[in-house]
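A single chain, nothing else alongside it, follows as structure tokens in the form predicted alone.
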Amino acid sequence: MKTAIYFHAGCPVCQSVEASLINAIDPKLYQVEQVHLGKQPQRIVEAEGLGVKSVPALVLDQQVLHINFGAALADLK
């Protein structure tokens, strides 16, 4: 099974995306890992390495999907 990583900061924009987009991903195809960067700041480096520039963002098949705009990754450091 493939893994999709949803990076977020817990903001209202991120919560809105979580409520709709994350639930739309077929659980038979992807296991979704949710990473709250406010609570897991050590994973910011990982997000940057994957190409994440802002949150909320979904990394799916090694492609970064930036969704709306909640916060720049630099603001979370």
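Quick note: we count residues from 1 along the sequence shown, nothing fancier. These numbers come from a predicted model, not from an experiment.
There is another form of the same protein, the form predicted together with a further copy of the same chain; it is not shown, and what comes next is about it.
Using a 4.5 Å heavy atom cutoff, none of A9, K39 and L50 lies near a further copy of the same chain in the predicted bound form. Under a 4.5 angstroms non-hydrogen atom cutoff, a further copy of the same chain in the predicted bound form has L29 among its neighbouring residues. Although a further copy of the same chain is not shown here, in the predicted bound form the stretch 3-33 places heavy atoms of S16, V17, S20, L21, N23, A24, I25, D26, P27, K28, L29, Y30 within 4.5 Å of it, in sequence order.
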